[in-house]
Every structure is written in structure tokens, then in C-alpha cells.
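Below sits a lone chain in C-alpha cells, taken as the form predicted alone.
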């Protein structure tokens, strides 16, 4: 039996070459990375229309990759990212890679959080973390800065999400709760709660970051460059203006 020489169609050859490039470039380019978040609107939403959703998607697009955002509880999202069940987690304080060695921080901040005391008692005055000690306090499980800083209080109640946190306060099961100012204001409005105030000054203001599982460590620097470029070219400001309820 004789085999005839066959010449591949040039279009078919180009198509096979493109497929090969995608396959060789690894999971970061072959399929979307799965990123976890616990954040609420206006920072994140199930529809992917929050500020951080849009910023992260654009940053990944600029490096030629895709991302899918999954909503998980704060603690579960962090554990899944560290174990490699998912590809990353946001938005977190710096330094978590010391506790979770399988996580790599993208070294450019996504935003900052104002960790703020919310209460129904206008007579309360808080000065620093130590000022929380006389009170019954509520926080969200997995917010590591709060778990580390808020100790020795009259009581400390941990809940799974923002809605449960502010219902805790609304129903008198906590004297105060600690949460991000932007998201807290939005939750109060969404739930139609009244009589809750945000105390000033805030407890702390921290830059917040995206973390990747270490198998994607090669993307961290490129994503940081994309985020810094977005700040410089005004993309972050334009995204902020497009998100309802988000003040620049």
C-alpha cells in the first residue's frame, strides 16, 4: 500500500497552530481562572457588575487571560484558594501569604478599606482597637485583620455574611459591628435599616489585594503592571463612575 503525500490547507494549519498556542500556555490562558470573593455590592455582585469585578476582569483581559468570579464565604474562599481548589481570592490585606504559604499576593492594591464601627448608640465613642473591649462586637468570620485585632471584648460574635452581620446589630444582639465603610453603607440601604450610624474616625485604613494560588505565581507581576496601568490611564476612575452607589 502506498501513502499519498497530503498538504495541509493553510487555513487549517493556522487554526491548529492557534489551538497549540492556547494549550501550551497553561491554565491561565486555556480556561478562566476561578477567583473567590466575599464582597458585596458595590464592590462585587452575583452578576459581576461590582467595581472590583470589573477592575479584575479588565486586568486579566489586558494580560490575555480570563477569569470567573465565584461567591464564597470569607473563610471558605481563603481556604479553597490556599489549597488550590480554586485559583485565587480577593480582596485581602497584605501579609496573608505568611499564614497561607500557597498564596501569592499580586503586588498592586485593588482598593482600600476603611474598617469602620457601625452602631445604633450615638453615645459610643471608640478610639482604636482597644476601645472595642467594653462592648458586644460582631464581625464576619474570615476577616483576618478583625480576628487578630479584636480581642478581649465583652463578647465577639462571628457570622457568615454582611446581611447577617447588620441584622445582628439591628436586632440588638451586638452593641456594634465592624465592617468596610462603603459596603456597610450599601448593606444598610439595601436592607432598609434605620438608626445605624458609622462612627468616625475609622479603626484602620488598609490597602486590599488579590491573591493567587502559587501555581499562578507567574501572573502576579503582570497583573500588578496591568492594575498600575489602569490607575494611570484613568480606567479605574471610569469604572468607579459606572458603578451605581460607589463614590470616588
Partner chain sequence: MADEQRQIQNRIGRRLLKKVLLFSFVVTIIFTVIQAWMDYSIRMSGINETIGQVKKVQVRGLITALWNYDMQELAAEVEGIHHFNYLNYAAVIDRGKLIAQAGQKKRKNVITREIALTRDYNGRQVMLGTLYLQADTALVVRDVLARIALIFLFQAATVAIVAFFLLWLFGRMVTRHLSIAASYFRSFNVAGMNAPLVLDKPAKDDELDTLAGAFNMMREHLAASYLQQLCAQQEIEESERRFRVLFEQAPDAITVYDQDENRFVDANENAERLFALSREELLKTGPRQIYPDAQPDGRLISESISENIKLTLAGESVALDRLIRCADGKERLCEVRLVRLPSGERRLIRASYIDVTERRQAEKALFYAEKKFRDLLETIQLIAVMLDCDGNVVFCNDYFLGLTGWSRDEALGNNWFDMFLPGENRETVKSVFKSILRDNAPLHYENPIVTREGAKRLVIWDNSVLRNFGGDVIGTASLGIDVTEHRRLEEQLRQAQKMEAIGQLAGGVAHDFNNILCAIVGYAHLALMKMPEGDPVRGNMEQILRASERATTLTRSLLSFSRKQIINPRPNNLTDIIRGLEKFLSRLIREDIEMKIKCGEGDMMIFADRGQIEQMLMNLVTNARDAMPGGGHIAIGTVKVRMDEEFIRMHGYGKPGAYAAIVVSDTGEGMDAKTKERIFEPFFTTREQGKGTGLGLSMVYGIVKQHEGFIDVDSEQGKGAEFRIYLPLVSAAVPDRQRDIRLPEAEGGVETLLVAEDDEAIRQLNTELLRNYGYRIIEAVDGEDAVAKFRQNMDDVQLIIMDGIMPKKNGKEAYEEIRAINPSVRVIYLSGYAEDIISREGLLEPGTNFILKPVTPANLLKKVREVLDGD
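Numbering follows the first chain given and starts at 1. All values derive from a computational prediction rather than experimental measurement.
Beyond what is shown, the protein has a form predicted together with the partner chain; the following relates to that form.
For the candidate set 101, 84, 134, 128, a heavy atom within 4.5 Å of the partner chain in the model of the complex is found for exactly one residue, namely 84. Contact with the partner chain in the model of the complex, judged by any heavy atom within 4.5 Å, is made by just one of 70, 191, 63, 220: 70. Stretch 73 to 81 is the contacting one of 112 to 120, 170 to 178, 73 to 81, 89 to 97, since its residues have non-hydrogen atoms within 4.5 Å of the partner chain in the model of the complex. Taking the partner from elsewhere, residue 153 is found to have every heavy atom lying beyond 4.5 Å of the partner chain in the model of the complex. Put simply, residue 149 is far from the partner chain in the model of the complex: not one heavy atom of it is within 4.5 Å. Under a 4.5 angstroms non-hydrogen atom cutoff, the partner chain in the model of the complex has residue 158 among its neighbouring residues. A residue is said to contact a partner when one of its heavy atoms sits within 4.5 Å of a partner heavy atom; residue 34 meets this definition for the partner chain in the model of the complex.
Contacts with the partner chain in the model of the complex, taken as any heavy atom within 4.5 Å, map to no residue of 185 to 218.
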